[in-house]
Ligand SMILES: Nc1ncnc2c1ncn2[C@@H]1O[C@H](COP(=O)(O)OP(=O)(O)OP(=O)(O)O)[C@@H](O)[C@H]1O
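Encoded as structure tokens, the following chain is the form predicted on its own, with no partner shown.
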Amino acid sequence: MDPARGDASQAIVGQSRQICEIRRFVQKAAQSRIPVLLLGESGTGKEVVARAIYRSNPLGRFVPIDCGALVGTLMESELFGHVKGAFTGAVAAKTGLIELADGGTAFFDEIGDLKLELQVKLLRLLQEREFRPVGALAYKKIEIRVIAATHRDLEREVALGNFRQDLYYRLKVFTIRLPRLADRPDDIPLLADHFLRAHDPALRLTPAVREALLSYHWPGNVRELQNCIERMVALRSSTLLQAADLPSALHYHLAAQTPTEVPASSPASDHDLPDFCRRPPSSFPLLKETEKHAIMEALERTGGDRARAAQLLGIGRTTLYRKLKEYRIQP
């Protein structure tokens, strides 16, 4: 069967009850053009679900829009385009992302990060099916399907005044909640094998590695598991991936479960142990400091290029922007 039609929900890997339910929702959502709101933690696969909805009824283009990247004075132009002479430097007319999606689907990734002034314009787009490029006098009619996704609690954001209530109710016509990976552990081996096959069908995991993957809590969800597998593939010495190939987060996790006992006659300090055998003094400061250090190093290596830094870190640009703000990092 053509993966672009009908059975596109099979691209969502897993056999858990939650994933089977999501596949059913995908098929139902694809039968109409009403807005869809995808809710779930970062890394749970919201864009995978959005693309599955589109491919189940692939009309026009699928245009992803990273709301976290829409910053600065030109963000409205990025979305809606502009006419020639609309502002200094507008030497030619520009087509915005919304118009590119005409007849197709616009995927607003991390809609909770969209600025309030753009929320007003998106609401008009949804209600009136029209928009106005920057500097234009007339509105343009458009036929568009909107899928939005966020890790935020939008009801709380509405209460705090960060998200428009009318836009929230306009978007939540059809809501799909994506579970954390830790809440569907039976899917972990299936996902790991799926990511392995994407590299080489001959690759295999040892039973010890499979056990380690199942025992870990996966705070970064499916994206973290994918990055874990890709790292192991890059470091492998054979087609059978070993526990030694696991990333440090899983080594810390395993070391915390089975701490190394040091005989009294040999009082070795923690510094004498390999990195993966050391028990962190506190998992929360370690995670934050490690994340902050990794982000700063990635930005340094890429000369401050955020898009390349996000790619190097194996995270989405929206996630990187959020972490930069959280850790107060100025690239």
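Because the structure is predicted, anything quoted here is derived from the model rather than measured. The numbering used is simple: start at 1 and walk along the sequence shown.
Keep in mind that the form predicted together with this ligand is not shown, yet the notes after this line are about it.
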property	result
is_contact(A307, this ligand) in the predicted bound form, heavy atom dist at most 4.5 Å	no
In the predicted bound form, S42 touching this ligand (heavy atom, 4.5 Å)	yes
V209 within 4.5 Å of this ligand in the predicted bound form, heavy atoms	no
In the predicted bound form, Q226 touching this ligand (heavy atom, 4.5 Å)	yes
Segment assignment from 186 to 194, 240 to 248, 114 to 122, 139 to 147: heavy atom within 4.5 Å of this ligand in the predicted bound form	186 to 194
This ligand: the contacting residue among M232, A106, V222, L171 in the predicted bound form [heavy atom, 4.5 Å]	V222
Closer or farther: C-alpha pair R308/L97 in the predicted bound form, relative to this form, given a change of 3 Å or more	farther
Cα-Cα trend for R308 and R61, given that in the predicted bound form the distance shifts by 3 Å or more	farther
